[in-house]
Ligand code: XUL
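Below sits a lone chain in C-alpha cells, taken as the form predicted on its own.
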C-alpha cells in the first residue's frame, strides 16, 4: 500500500439523497436495468495517462502536479501502478486503459523500451490477478516523442514507419498478454501541418496499409479483441486523416477493413469535428462500426480539447440513448479520457472527479433507459417513416429511377409537408432527464 490516497474510503452507493461527497448517488453497480447490471451496461474504465502520467501542463503553462511516481525508472513505473490500482479499488471500476509510454519509462533504445514494457506488463499482470480491475484496451503512444513529429504510419521517413510497426506490435502483444478486450489506434499526428510539403495520397495509402498489417497481425497472434480507431479532426495536426466517424468509414471501405475495424468515439473530438457526441455514435452504429467511447467534455468557450470530466447528465443521456439503440457495448466501454484541472492538486480531487463523472453517466443511462422502456420516442420515429413500409415505397428502392418517377402521374401524387414534431419530442425527452 502507498499513502497517496490515505484516509480516502472506498466509494459506495448511498442514493440520490446522500450528502457524503465520497459516495455515489446514482451509480449503483448492482442495480439491474433492462436485464443487466448497471456496471455491465456502463463498463467504466479509468485512463492511465490523464490520471497518472499527465503533469498538469497545458499549451500555455508547465507542470503543476507533483507526484512521487514522476520519474524515468522502473521503480517509478511500479509505484505508479501501485497507486493506480489503489484508485481503481477505491472507485470499483472494472477496467482501465493505457498507452505504452504511460506505463513504462522510455529507454535509450527500442530494445530497452521493450524490456521496460515487458517488465511492467508482468507487474500489471500480477496486479490484475489480485484486483477486480482488468484491461479494457491498450494502445501505443505514437505522438509525444520527437520521432513522431511528422507522423508515424504517415511519416515521410520509412524508418519511422518501421519504428511505428515495432511499437504497435509490442503494444498489441502487451494488450493480448494482459487480456485486453480491444486495441486502439489514435493517429494524433497522422495528418499534416501544410500541404506544401505533403504527399496526401502516399500518406493515406501508407496509413491504410499499416492498418491492414495491424489486422493481419491480430489474426496471426490470435487476438480475440476488437481493433478500434479513434477519430479526431485536428489538434495536434492541422488536419488528420481520421477526421470523424464518416471519414474513418470511407477510409476503412477503401482498404477493405470495414468489417475488421470499429471506432472508439470521444465526445471532445466529436465537438472539434463540428458534430455532437450522439451524432458520431449514431453514425458509427448505422455504419456497423460502433465499438467504444472515451467519455469527457470540452469547455465550449475555449475552442480546444480540454478533456474535462462530464458533469451534464442531460447532455450525456442522448449519447447513451444512441448506445442503447445500437445494442450497447460488446467489447467496448465508457473510458474516462478526462483529466482534473491543473489547479486541482489534491489526491481527493482525482477521486471526486471520477465519482462525479461516474454519477453523471449513471444518471444519464437511467434517463436513456427510462425513455427507451417507454417506447414513445421510437414509436414517434417509426410513425414518421411508416410510409416506407408500403409495397409501392419499397419497390422504388429496388426498381429504376423512371419507375419511381412514373408513380407521380399514375397515382396523381401531390405530397404535402408533414410536421417533424421536433418540439413535442424535445418536451418528451425533457420529461425523462
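This structure is a prediction, so every number in the text was calculated from the model and none was measured. Residue numbers count along the first chain shown, from 1.
Below, we turn to the form predicted in complex with D-xylulose, even though it does not appear here.
- Not one of 43, 313 and 359 is positioned with any heavy atom within 4.5 Å of D-xylulose in the predicted bound form.
- Of the residues given (244, 322, 100, 266), 266 alone sits with a heavy atom within 4.5 Å of D-xylulose in the predicted bound form.
- A residue is said to contact a partner when one of its heavy atoms sits within 4.5 Å of a partner heavy atom; residue 95 fails this definition for D-xylulose in the predicted bound form, lying far away.
- With a 4.5 Å cutoff on heavy atoms, residue 119 does not count as touching D-xylulose in the predicted bound form; it lies far away.
- Under a 4.5 angstroms non-hydrogen atom cutoff, D-xylulose in the predicted bound form has residue 232 among its neighbouring residues.
- Although the partner is absent here, residue 183 is not a contact residue: none of its heavy atoms lies within 4.5 angstroms of D-xylulose in the predicted bound form.
- Partner proximity in the predicted bound form, defined as non-hydrogen atoms within 4.5 angstroms of D-xylulose, places exactly one of 344-352, 108-116, 171-179, 266-274 at the interface: 266-274.
- Contacts of stretch 303-328 with D-xylulose in the predicted bound form, defined by any heavy atom lying within 4.5 Å, are made by 305 alone.
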